[in-house]
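Just the one chain here, laid out as structure tokens, in the form predicted on its own.
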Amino acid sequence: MEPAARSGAGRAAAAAVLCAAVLAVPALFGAFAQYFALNVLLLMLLALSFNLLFGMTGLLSFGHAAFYAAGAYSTALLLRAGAPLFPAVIAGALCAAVLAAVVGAFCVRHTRVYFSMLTLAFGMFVYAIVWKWTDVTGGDDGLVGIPRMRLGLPGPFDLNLAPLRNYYWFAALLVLASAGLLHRLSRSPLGLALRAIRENAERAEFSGIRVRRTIFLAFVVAGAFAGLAGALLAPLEQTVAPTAAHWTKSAEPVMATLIGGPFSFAGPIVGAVVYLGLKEIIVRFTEYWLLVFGLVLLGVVLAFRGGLLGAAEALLSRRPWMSGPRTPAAASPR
């Protein structure tokens, strides 16, 4: 088997094992493990959507939590108004996409640090809205009592999602399907165009790629999937607070991506598991967990510049059995 085919088969097998492990959690573990696994999945989706801008396009967004909160609040308001769960979740993602289109119309005109600062400014603007608009968002108290009842599909598919196990399978399937779509997008012509922009935007423009329009499209797609992660959060927690829109929430996908590796599709997935896993472990041992957690994350980011997956790939490339067959040197002419 050729090395490329062998590598592709290995990735497919790893993805299948991951999906099976995710879906088997309710059958093997209790409520806490299901709740923790769902939080990992939601951070994974948020980080994958963020990496569509950062790792693939080379643009650092500090306002990704704005779309996460837009999805969460929109879904919460619809559920409290009596809407079925599945349409409410999809509507939350669409509301986040609309917000991303409005914000992106301003942000994509700039690059590098100007892009980052604009996204941070818009993110904190959204945070101020959800904090102050008490009549709609509940202000500091947030929205509480969010119901998690029927799925909203016709016939026998209209399942009751009040039990955590049922909701886990629904949310996990939706996150895994979204990850599959983002992976397909990364391999599509749009993904190739985004990588070209990351390497050299001017050359990409000269080669016929409409840089600003392509970045805008990526920005809206990233906002939609971030909104989907937030939309799935609202029924899980059954409450939504303004912290969902704060800049500290925007830092979570940044850290998860840096830990796992921004230049590999699986990097944000690994980073989300490590980020929340470390946090859960450290909290159990010290009340100064924020200090210890920050030092551990700082050490990981500084020690592994390409993330954990980048370091693993560099290590494996040095192994003799990972190298391809060597071509014998041609005889020198005499």
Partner chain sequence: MAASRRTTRRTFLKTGAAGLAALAAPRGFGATPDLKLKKPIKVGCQTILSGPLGGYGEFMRKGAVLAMEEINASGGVGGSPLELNFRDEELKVDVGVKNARYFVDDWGADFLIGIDSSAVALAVGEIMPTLNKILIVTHGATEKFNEDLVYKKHIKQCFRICVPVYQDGIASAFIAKDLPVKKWATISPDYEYGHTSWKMFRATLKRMKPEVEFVGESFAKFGTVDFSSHISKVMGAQPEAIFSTEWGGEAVTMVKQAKLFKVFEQTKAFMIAMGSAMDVLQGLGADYPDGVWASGRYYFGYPDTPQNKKFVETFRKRWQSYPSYVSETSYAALYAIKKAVEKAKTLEIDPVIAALEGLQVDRPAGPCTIRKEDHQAIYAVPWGRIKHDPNFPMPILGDLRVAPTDEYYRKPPFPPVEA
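These numbers were taken from a predicted model, which means no experiment stands behind them. Residue numbers count along the first chain shown, from 1.
FYI, the form predicted in complex with the partner chain isn't displayed, but the following is about it.
Report task. Could you tell me which of 261-269, 26-34, 305-313, 52-60 sits within 4.5 Å of the partner chain in the model of the complex, going by non-hydrogen atoms? Result -> Contact criterion met by 26-34 only.
Query raised in the report: If you check in the model of the complex, is residue 247 within 4.5 Å of the partner chain, heavy atoms only?
Result: Heavy-atom contact with the partner chain at 4.5 Å: absent for residue 247.
Requested in this report: Using a 4.5 Å heavy atom cut-off, state whether residue 82 contacts the partner chain in the model of the complex.
Outcome: Heavy-atom contact with the partner chain at 4.5 Å: absent for residue 82.
Query - Partner contact for residue 140 in the model of the complex: the partner chain, 4.5 angstroms, heavy atom - result: So residue 140 counts as contacting the partner chain.
**Report entry** Heavy atom of residue 144 within 4.5 Å of the partner chain in the model of the complex
**Finding:** Although the partner chain is absent here, residue 144 would touch it in the model of the complex, with heavy atoms inside 4.5 Å.
Query raised in the report: If you check 243, 116, 186, 166 against the partner chain in the model of the complex, which one has a heavy atom within 4.5 Å?
Result: Filtering the options by heavy-atom distance leaves 243.
Requested in this report: Check each of 203, 132, 109, 210 and return the one that places a heavy atom within 4.5 angstroms of the partner chain in the model of the complex.
Outcome: Selected residue: 132.
Query raised in the report: Counting only heavy atoms, which residues in 290-306 are within 4.5 Å of the partner chain in the model of the complex?
Result: Stretch hits: a single one, 290.
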